[in-house]
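Next up is one chain by itself, shown in structure tokens, the form predicted alone.
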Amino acid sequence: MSAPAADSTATDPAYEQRLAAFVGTELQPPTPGPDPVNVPMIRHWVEAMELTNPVHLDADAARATGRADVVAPAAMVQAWVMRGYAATVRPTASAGRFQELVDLLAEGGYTSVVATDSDLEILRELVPGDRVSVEEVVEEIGPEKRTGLGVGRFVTTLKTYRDAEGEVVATQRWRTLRFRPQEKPAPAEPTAVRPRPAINRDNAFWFDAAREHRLVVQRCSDCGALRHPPGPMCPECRSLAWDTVTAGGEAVLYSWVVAHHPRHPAFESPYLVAVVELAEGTRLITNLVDLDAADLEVGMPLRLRWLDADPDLTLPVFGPADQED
């Protein structure tokens, strides 16, 4: 079956029936949280959220209000059932029905998601020692509608939180918008000159070589240590004598950031700023090209490209190692 057209709200009846069949489906069976309610996690939450109510950490203050012990902040209920970092980055089990729903929505072109609201109802406060579990059921999949983000559907699920005895302690209606991302207009040509680097007697040789499409690394003539950025003295042996070696152009990704601000008319925003480690051993701050942020991984191989920004400025950039220059 072909996916519904991205520029129309009309949908295929068979596709609508498949979506409707998910209403009432259990996306997540009752799943216990990894840890019981505990004071150390409450303390982290209270400090991070800057909560001042003493009933969360002071047992005497809690008893003065008629409580038997300290209580966890109500909004913290979801924290007790989170699967943790390791399970998130290295999942060992299938996402089951949840993934089936995501795949079905993606089939209709609804590949992007944004949370819209969360309606949390607390039925009783949680205290240290409580073991919380959660289950999630699809309540509603709305009709296709046009939003500011694109054509999409609102999906509402109901999470039910229970204690070890099976008593409901909280419910949460979680609403997300699954939408078709709008096509981005073609980026406009830069209207400004790229900012000039600070060139001086210590680094002019490097920029001169770049204009010739040569990436050079400064080398100590006495001990042979490579260094970058360029400088007048070897940090290893303090020699002032140096020459250069030409880098082969192979590198791996060491770290990166996705820069959105501040915007500059000479750059297409957002842009990827990275630290790459050359095969020769030194590191270089550069831009990444022909890559998406979602595909980046520390250690991934890269290859040198050249950006001729204008007649007076050429800079090394790096792209995928499996693509020709």
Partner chain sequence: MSPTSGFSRQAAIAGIGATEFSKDSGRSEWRLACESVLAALADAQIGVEEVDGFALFTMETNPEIAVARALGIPELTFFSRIPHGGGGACAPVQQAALAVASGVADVVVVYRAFNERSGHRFGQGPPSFAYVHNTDQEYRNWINPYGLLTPAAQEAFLARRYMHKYGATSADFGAVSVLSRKYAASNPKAWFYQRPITIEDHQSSPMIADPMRLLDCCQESDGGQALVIVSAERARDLPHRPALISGAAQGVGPQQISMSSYYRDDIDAMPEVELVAQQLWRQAGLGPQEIDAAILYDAFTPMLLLQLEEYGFCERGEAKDLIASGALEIDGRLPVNTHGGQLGEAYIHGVNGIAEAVRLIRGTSVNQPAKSIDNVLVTGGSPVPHSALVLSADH
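Definition used throughout: the rigid core is the maximal C-alpha set that superposes within 1.5 Å between two forms. Positions refer to the first chain, counted from 1. The structure presented is a predicted model; accordingly, all values stated were derived computationally and were not measured.
The protein also exists as the form predicted together with the partner chain; that form is not presented, and the subsequent description refers to it.
- Every residue in 196, 207 and 229 with a non-hydrogen atom within 4.5 Å of the partner chain in the model of the complex? Yes, each of 196, 207 and 229 comes within 4.5 Å of the partner chain in the model of the complex.
- Using a 4.5 Å heavy atom cut-off, state whether residue 260 contacts the partner chain in the model of the complex. Yes.
- Is residue 68 close to the partner chain in the model of the complex, meaning a heavy atom pair under 4.5 Å apart or at it? Judged by the heavy-atom cut-off of 4.5 Å, residue 68 is well away from the partner chain in the model of the complex.
- Touches the partner chain in the model of the complex: residue 298 (any heavy atom, 4.5 Å): Result yes; residue 298 sits at the interface with the partner chain in the model of the complex.
- Any of the heavy atoms of residue 271 lying within 4.5 Å of the partner chain in the model of the complex? Yes, residue 271 sits close enough to the partner chain in the model of the complex that at least one of its heavy atoms falls within 4.5 Å.
- Message: Looking at heavy atoms inside 4.5 Å, which stretch does the partner chain contact in the model of the complex, given the options 118-126, 250-258, 100-108, 145-153?
- Response: Stretch with heavy atoms near the partner: 250-258.
- Select from the listed residues 291, 275, 39, 46 the one whose heavy atoms reach within 4.5 Å of the partner chain in the model of the complex. None of the others qualify; the residue that does is 275.
- Query: Can you tell me which residues in 285-312 come within 4.5 angstroms of the partner chain in the model of the complex, by heavy atoms?
  - Reply: Those in contact are 285, 286, 287, 298.
- Message: Relative to the superposed rigid core, does residue 154 relocate between the shown form and the other one - that is, does its Cα move 2 Å or more?
- Response: No: residue 154 shifts by under 2 Å between the shown form and the other one.
- Query: residue 306: CA shift of at least 2 Å between the shown form and the other one after core fit?
  - Reply: Yes, because once the rigid core is superposed, the C-alpha of residue 306 moves 2 Å or more between the shown form and the other one.
- Message: After superposing the rigid core, is the C-alpha displacement of residue 214 2 Å or more between the shown form and the other one?
- Response: Yes, residue 214 moves 2 Å or more.
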